[in-house]
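Starting off, we have a lone chain in the form predicted alone, written out as structure tokens.
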């Protein structure tokens, strides 16, 4: 391995962080997992020299690799077993197209849809998830700053009832797209083995599928309207496939 002790900085609640974690775990790359709190993540990112504050980011060999897609790029380069790499040479472009679409659309709007109900109407349900893996001192500090953190998140993510409905429609359209991809009975989205396309789609849809193997969402309770949708969508091919990917590979 080019680096022996990389540190992955994550939010416990983030489906993008789960994507990076799953890729590193699958490829057998040793790393230290560092849970950070909202607000703290930006300070650490600046200290490491990251261009943005968003998690996940990986500190390795005095550099920082930010974003789940770039972390997977790095992880593939560390993997001597070419056959196990998550970016198959012959299907590189197709994998990246699927990953980029799920990153830029479904991932963003699932987050907005969830927070537009949970953070705006039921903020008491969010803080325990953000702080579940943090030290007692950090939990207290976030509790003291929670009203400000909530206000900043609502503004930055453009949350609200109307926005939530808009994102719900986009999420449903993207589920249709994944259902269609799986319509020919394929096991994997690209090729005949697990790829970054599968990890990306399964990770970013996992807040809706709630797979038992997920380190956070398996214990998560959704707010009422989202919970109703998740129940109604449970048998969609896309979400059944997510649970199968987790059961088989996570």
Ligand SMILES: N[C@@H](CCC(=O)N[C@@H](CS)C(=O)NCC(=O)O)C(=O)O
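Positions refer to the first chain, counted from 1. Here the structure is a predicted model, which is why all the values come from computation and not from measurement.
Heads up, the form predicted in complex with the named molecule isn't pictured, but that's what we're talking about next.
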Taking 4.5 angstroms as the cut-off for heavy atoms, does residue 53 touch the named molecule in the predicted bound form? yes
Verify the contact flag for residue 41: yes if a non-hydrogen atom of it lies within 4.5 Å of a non-hydrogen atom of the named molecule in the predicted bound form, no if not. yes
4.5 Å heavy atom contact, residue 67 to the named molecule in the predicted bound form: yes
May I ask you to state whether residue 109 is within 4.5 Å of the named molecule in the predicted bound form, using heavy atom distances? no
Which one of these stretches, 190 to 198, 24 to 32, 55 to 63, 208 to 216, sits within 4.5 Å of the named molecule in the predicted bound form when only heavy atoms are counted? 55 to 63
At 4.5 Å by heavy atoms, is each residue in 101, 174 and 241 next to the named molecule in the predicted bound form? no
Heavy atom within 4.5 Å of the named molecule in the predicted bound form: which of 148, 156, 84, 92 fits that? Just give me the one. 156
